[in-house]
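Shown below, as structure tokens, is a lone chain in the form predicted on its own; questions about how it binds or moves come after it.
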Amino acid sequence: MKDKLIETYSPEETFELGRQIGQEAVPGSVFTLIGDLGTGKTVFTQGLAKGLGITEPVNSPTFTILQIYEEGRCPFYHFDVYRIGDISEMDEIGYEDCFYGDGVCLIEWADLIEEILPEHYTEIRISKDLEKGFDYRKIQIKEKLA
């Protein structure tokens, strides 16, 4: 996937972008998702999960840090590291099995754990601009290589 700048104007468009990316994702893909509260990270993630063939409800695992979905075409590892107090907590969760496993990994608030991210991942940044409308989102997608 090449670097892209995409603008969406509704939660449905943000969901659809996530779904398209989920359909294209291959086992071993790692996506980082960065954006302030209320920017649509969960909506995007729900779309990505749908693109992977997951039909069960997908919500942010804010208090559990990790939620694993196994019903799609490959495992989906959904992290929300907002509440990580110390990077060593990621070791306790067994993050390496997910980051380097045979599924698709999405990490919300990944900028908080940059030092342990894999060498290659796709960074997705979502931001709002209220001057362009309440539901407007600017979504930047960049391939990252360490």
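One-based numbering along the sequence shown. Small disclaimer: the values here were computed from a predicted structure and weren't measured.
Another form exists, predicted in complex with a small molecule; not displayed. Remarks below refer to it.
- A residue is said to contact a partner when one of its heavy atoms sits within 4.5 Å of a partner heavy atom; Lys41 meets this definition for the small molecule in the predicted bound form.
- Interface membership of Asp36, defined by any non-hydrogen atom within 4.5 Å of the small molecule in the predicted bound form, is confirmed.
- At a distance threshold of 4.5 angstroms between non-hydrogen atoms, Ser10 is in contact with the small molecule in the predicted bound form.
- Of the heavy atoms in Asp135, some are within 4.5 Å of the small molecule in the predicted bound form.
- Between 90-98, 65-73, 41-49, 112-120, the stretch whose residues reach within 4.5 angstroms of the small molecule in the predicted bound form through a non-hydrogen atom is 41-49.
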